[in-house]
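In the block that follows, a single chain appears as structure tokens, in the form predicted on its own.
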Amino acid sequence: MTGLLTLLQKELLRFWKVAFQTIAAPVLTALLYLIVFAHALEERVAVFEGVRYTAFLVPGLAMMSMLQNAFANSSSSLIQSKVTGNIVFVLLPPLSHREFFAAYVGAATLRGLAVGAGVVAVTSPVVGVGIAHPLWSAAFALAGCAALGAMGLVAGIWADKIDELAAFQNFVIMPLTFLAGVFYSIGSLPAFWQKVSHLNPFFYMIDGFRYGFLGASDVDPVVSLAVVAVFFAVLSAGALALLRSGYKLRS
């Protein structure tokens, strides 16, 4: 376990030493989203019965921030190591592909959770929203961050240049998060777009996390958690297979 813990510590220190950029900046961004959208739409958008729009926004913004930062942590760490050539110092030690996976995904998960905790701590007192089901919130936060950490690992392995990784984030991660019901309930969409939304795994992460806060959701949280678990399992299997083969890392 020494190698795993050392690599995990290295990945944790990587983002913690620049916490102003990796933690504080995403929290500020989420707060600005809340201020702008709440001011513009508080009295114009109806979501769940008895739930104010600002209260609806808080868990969505927190989960969106967690997902984006979990992905960014593992993917940026790996691509930077590949571009600068210091990936060799991670590959030379006798680390198994499972330890490599656990360290990168573990660090990504912890960064995502740190950002999410910051967003909730800053926005909840302002809005006055509580957590109706803490265990549900914790389960979706952990599962969602781990899934995006694994997805970031796959993207980091696949990309050869920072530009390619940026394209993946801009054309895959950003649309999937923004179209996952962060700013609206899919119940307000036409039937066709509701069906399309149900194909987006990010929707289940955000909807389930929101259930933990509000006790209301568009989909049964048990179903949402099952979808997220399958999504994580598929991404993990893919990442482990790539690591085991050494694709674009050892060859």
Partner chain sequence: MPDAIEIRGLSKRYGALRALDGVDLAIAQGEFFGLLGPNGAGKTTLISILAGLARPDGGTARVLGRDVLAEYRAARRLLGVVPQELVFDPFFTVRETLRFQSGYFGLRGNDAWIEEVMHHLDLAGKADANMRSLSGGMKRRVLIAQALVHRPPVIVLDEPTAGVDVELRHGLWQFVQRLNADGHTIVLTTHYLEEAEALCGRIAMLKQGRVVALDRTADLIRRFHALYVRLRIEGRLPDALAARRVPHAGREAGGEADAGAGVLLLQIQDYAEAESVLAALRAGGCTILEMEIVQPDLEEVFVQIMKRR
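Numbering follows the first chain given and starts at 1. Keep in mind that this is a model prediction, so the values were computed, not measured.
Omitted here: the form predicted together with the partner chain. The next part is about that form.
Of the candidate stretches 109-117, 164-172, 76-84, 135-143, only 76-84 contains residues with a heavy atom within 4.5 Å of the partner chain in the predicted complex. Only one of the listed residues (Ile131, Val122, Leu95, Leu176) places a non-hydrogen atom within 4.5 angstroms of the partner chain in the predicted complex, and that residue is Leu95. Within this chain, Leu91 lines the site of the partner chain in the predicted complex, having a heavy atom no more than 4.5 Å away. Although the partner is absent here, Val230 sits far enough away that none of its heavy atoms falls within 4.5 Å of the partner chain in the predicted complex. The partner chain in the predicted complex comes within 4.5 Å of no heavy atom belonging to Ala237. Taking the partner from the other structure, the partner chain in the predicted complex has a heavy atom within 4.5 Å of a heavy atom of Val18.
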